[in-house]
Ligand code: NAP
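Take a look at this single chain, the form predicted on its own, given in structure tokens.
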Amino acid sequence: MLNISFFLPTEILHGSEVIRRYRDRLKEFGRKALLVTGRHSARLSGALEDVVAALDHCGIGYQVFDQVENNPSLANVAAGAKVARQLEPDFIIGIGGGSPLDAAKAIAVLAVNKFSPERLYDGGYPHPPLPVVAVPTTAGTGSEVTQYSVLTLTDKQTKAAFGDRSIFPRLAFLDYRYTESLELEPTRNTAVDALSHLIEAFLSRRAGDFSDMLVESGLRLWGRALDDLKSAAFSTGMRDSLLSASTLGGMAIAHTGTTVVHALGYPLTFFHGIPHGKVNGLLLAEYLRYNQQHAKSRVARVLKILNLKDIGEFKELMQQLLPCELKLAPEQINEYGIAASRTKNANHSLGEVSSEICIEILSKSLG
């Protein structure tokens, strides 16, 4: 008997020129939109141009908020919400990687709820958020199909996710062409972010039969792109496989959450500026090694699907894809490890993830 509990209110439209082909669907959300993007990726990818053309065709008014930072802060989404309250849009369109999509979700809440951005983490919002349409331009976060938004908490010197079913995007347009403008390093970093989501979902306390199906399908797609990732051959097939793998990873973590890998990675991004996906990849091998004592067959299954003989080969792969010279000092390892052990992410992990275990994973990965 399958153990299934599944909820995904996001409709996914996937394919080349998908926005042009389904542009009339935007009429369902109203007559005015706020477009939430970063400064460059939405334009470089062609996604912003396609969205604007679709809105013009539909007679939908819009304004662009293109000030989303990498790793958006509470202040950053508050600034976007101020623009939204002045515009009074009917819906939000997030265009970009994880940062713009996560910011779009936060702005959708703050646009109709006059409270401080810190209140986002409490849930139970007085007014339902504006509908969100997601257009990913990277193949990594899966944010287009999750109820999570990850923001930087400057005062706490870390990143943290808030989650609420009401911020699931209503519609996601998936077109691999929008990832073609990514250069080698961000392509690899975001691809490994997707891999991390798949692995963490598979090794979560909350994993179930249905999330396992999503993960295994995602891992197979990710494995198809591996040769191209290693050789830096940016084929259409690689781009499309990675985009699908990323979305499957997002669907999986929407049900399982992420694990201690994310908790360990957040301070490395905050304090050392290492991209989120890259950080996760640098930690994954030792995370797999830790999980061998709790789910040996599952770790073996991951390696088999990826056609890797052991964790050592997995670690070599991550080092090849994600070269990094960062070495943490012992006091940094202790500080980050203790903090990670106290998070919800650690509680989602298999076994009892103590501060000693977190410190060991960090030490063996970056010590």
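Values in this document were obtained by computation on a predicted structure and should not be read as measured data. Just count from 1 along the sequence shown to find any residue number.
The same protein also exists as the form predicted in complex with the ligand; that form is not shown, yet it is the one meant from here on.
- Scanning Leu130, Leu282, Leu248, Val150 against the ligand in the model of the complex with a 4.5 Å heavy atom cut-off leaves one residue, Val150.
- Proximity to the ligand in the model of the complex, defined as a heavy atom within 4.5 Å, singles out one entry of Leu264, Ile253, Ile93, Ala108, which is Ile253.
- Not one of Glu200, Asn291 and Gly312 places a heavy atom within 4.5 Å of the ligand in the model of the complex.
- The ligand is not shown here, and in the model of the complex it never comes within 4.5 Å of any heavy atom of Ser241.
- Contact check for His276: a non-hydrogen atom falls within 4.5 Å of the ligand in the model of the complex.
- The shortest heavy atom separation between Ser41 and the ligand in the model of the complex is within 4.5 Å.
- Put simply, Leu182 is close to the ligand in the model of the complex: some heavy atom of it is within 4.5 Å.
- In summary, the region of this chain contacting the ligand in the model of the complex, judged by heavy atoms within 4.5 Å and restricted to 75 to 83, 207 to 215, 96 to 104, 222 to 230, corresponds to 96 to 104.
- In the model of the complex, the residues of 141 to 168 lying within 4.5 Å of the ligand by at least one heavy atom are, in order, Thr141, Ser143, Thr146, Tyr148, Ser149, Val150, Lys159.
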